[in-house]
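Only one chain is included here, represented as structure tokens and corresponding to the form predicted on its own.
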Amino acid sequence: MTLRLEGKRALVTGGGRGIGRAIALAYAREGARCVVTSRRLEDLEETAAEAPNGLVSAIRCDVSDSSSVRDMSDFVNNLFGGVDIVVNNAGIHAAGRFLDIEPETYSELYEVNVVGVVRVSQAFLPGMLERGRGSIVNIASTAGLFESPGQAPYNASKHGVVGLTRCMALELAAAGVTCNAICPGFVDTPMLDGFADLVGAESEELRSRLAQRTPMGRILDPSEIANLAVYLGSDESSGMTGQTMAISNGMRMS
């Protein structure tokens, strides 16, 4: 059996839980050596323990802290000698009525969700450009493609990721480096539990309500996002760049 990512080296931020963990494990199953990062080392160690053949390594990193990103990139470059795939998945969420959300909340989300993508990408792009190949996969959201009430900071930050993805793709295309964004809809992750707390709902009740809003009548499993991330990290997608792909059980079709 041919492993789709055999010989590739990958970094996945926010790899301790949810979508990031699913992507890291899918990459390892496809033969990639992978480093996962997040703020919580315990979650990362659980991801590494689940991976086949010890193909996942873990290091704590806060993408909103430039020195933390530098330390992480030094570790990864020493371990692997560079990476072929960067998955910018680390992200945080906030919700509430627009007039009730302080401007500082916007700054916090922007630092993690947008500037974090910039910091991590800039740390590894020089090596990709030198080798003339590489894949950057940004995890955005359908919230980056349309408007929704009660999520202004999150939507604004994910719109930023979508715009950043397109600009990066345009500048990097001639050098052989691709940059694409995955825009998931409702996914069964711990972030949904946090959202339930914010809106004062029970987690299962919220999941049921969100599922009813999709044509397929369900929410996504993180593995479904990981499947698309495998494709975008593989040579199969070498001609695709600057794309924002919604995966939302039919909730968003553009």
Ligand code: NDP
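Counting begins at 1, following the sequence as shown. This one's a predicted model, so the numbers in the text were calculated from it and none came from an experiment.
What follows is about the form predicted in complex with the named molecule, which we do not show.
Judged against the named molecule in the predicted bound form with a 4.5 angstroms heavy atom cut-off, the residues Pro52, Val56 and Ile136 are out of contact without exception. In short, of 137-145, 75-83, 98-106, 171-179 it is 137-145 that has heavy atoms within 4.5 Å of the named molecule in the predicted bound form. Proximity of Arg39 to the named molecule in the predicted bound form falls within the 4.5 Å heavy atom cutoff.
Contact annotation for Ile19: at least one heavy atom lies within 4.5 Å of the named molecule in the predicted bound form. Although the partner is absent here, Ala32 sits far enough away that none of its heavy atoms falls within 4.5 Å of the named molecule in the predicted bound form. Of the heavy atoms in Val187, some are within 4.5 Å of the named molecule in the predicted bound form. None of Ala90, Ala152, Val114, Met128 but one reaches within 4.5 angstroms of the named molecule in the predicted bound form through a heavy atom, and that residue is Ala90. A single residue from the set Ala211, Ala201, Leu228, Met191 has any heavy atom within 4.5 angstroms of the named molecule in the predicted bound form; that residue is Met191. In the predicted bound form, the residues of 53-82 lying within 4.5 Å of the named molecule by at least one heavy atom are, in order, Cys61, Asp62, Val63, Ser64.
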